[in-house]
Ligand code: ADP
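Before any questions on binding or motion, here is one chain by itself as C-alpha cells, the form predicted alone.
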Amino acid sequence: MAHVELKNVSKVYSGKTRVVKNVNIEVNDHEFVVLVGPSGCGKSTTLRMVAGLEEVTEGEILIDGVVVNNVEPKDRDIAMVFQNYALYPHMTVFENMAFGLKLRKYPKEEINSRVNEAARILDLEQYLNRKPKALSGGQRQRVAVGRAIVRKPKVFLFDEPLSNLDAKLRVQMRTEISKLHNKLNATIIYVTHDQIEAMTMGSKIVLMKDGEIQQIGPPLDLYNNPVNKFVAGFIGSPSMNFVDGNITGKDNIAFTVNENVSIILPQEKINELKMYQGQKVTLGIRPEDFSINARTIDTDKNFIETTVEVVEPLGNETFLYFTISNEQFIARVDSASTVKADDKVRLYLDVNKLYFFDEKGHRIVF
C-alpha cells in the first residue's frame, strides 16, 4: 500500500472559481481516511485530483514521496470506485472484474486467480456468470469494488459509493467495506456527504466546507472536541442544538437566553466566559445531554422548562422536539419516557457537556 500527501493543493475553474483552497492532508500507509462535508464543499474534486481525473491548479500531490501532478491516472497505481458503479452492461460479472487486467495484458491464469479471489472475498462467486442487470444494487457495488481489488493498487479511492443504495443496504455495505479494509490492510481515501458513514468507517476524518478543511482527526475527536460551530453541528446525529445568548452576572456567572432560560455555569468555565460579557455567545448542547431526571446536584440547578411540540418514539430511544428562543431543539431521552406532545416538561442539562462559540463561530475552549 502507500502513503499519500496533499501539499497546499488548490483547484480553480475558469480562472476565478476556487473550489478547493490550500488543502493539506496526509494519508498514512494502511489508513482509512474519509473526506466528508456538505454538497459542493470540494471533497470529490479533491479525490479526483488524487486520481488524476482533475488537474491540480496549485500545490503538489505525492504518492510514496513521488509528485504525481503530471502522471497519467493509469500510471498512478490507484483504483477508484464510483457512485454509479460504472459497470459494462453487456459483460458478465467476471468480465467486468477482469477487464482492467486484460487491458494490461495479464496472463489468463493470473486474471482467473485474481478475479476468483476477489469474488471469494466479496461473496460473488455464484454471480460470476451474471450480467449487471440481474444483480441487486448492493451486488453491483460489490462488483465495482471487486474490479478495484483485482488491480491490487497502492491506493483505493471511493467516491460516494453507497449513495445510490437504500438505508438497509448502506449499513450492510459500510460493514463490508470496513471488513475489506481490515482484510486487505489497504490505504483508502473515501468521500461521502454522510457523517454517519464518516464516523463509523474512517480511522481519520477530514471535514471540509467551501473548499477548505475545517478539522482533521479521529472521529471521536471531532465529535467531542469540535474546533468551531460548523464542525459541532455537522458531526453527530441528530445534530447539536444551538441557541444565542449572553454571559450575565457577577458572582454567579450564567448564560442567559431570555427571562425563562438562564444556565448557571460551573466554576471551571467562568474565567474564560467572563471575557465575553456583553457579547453574543452561542450555546451548543447535544440531544443526548438532556435528561428528564436530574442526574447530579449540578444538573438539578440547571434545567429548561418547556412545552414538548413533537414526540418521536424510536423503540430504543425517544426524541422530544421543542423550541427555545425561536430555535428548534431536540432532546434524546430514554424510551421509557411517557412524555406526550403538548406536555410541559423540565429538561435537565449536563453543564459539563455544554459547548460555547464566539460570534465568529470559533469554539471557546476551557
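Throughout, we count residues from 1 along the sequence that is shown. Note that this is a predicted model, so its numbers are computed, not measured.
The discussion below concerns the form predicted together with adenosine-5'-diphosphate, not included here.
Among residues of the shown chain, Thr45 is one whose heavy atoms approach adenosine-5'-diphosphate to within 4.5 Å in the predicted bound form. Taking the partner from the other structure, adenosine-5'-diphosphate in the predicted bound form has a heavy atom within 4.5 Å of a heavy atom of Ser39. Val19 belongs to the set of residues with a heavy atom inside 4.5 Å of adenosine-5'-diphosphate in the predicted bound form. Heavy atoms within 4.5 Å of adenosine-5'-diphosphate in the predicted bound form are found in one stretch of 31 to 39, 308 to 316, 334 to 342, 61 to 69, which is 31 to 39.
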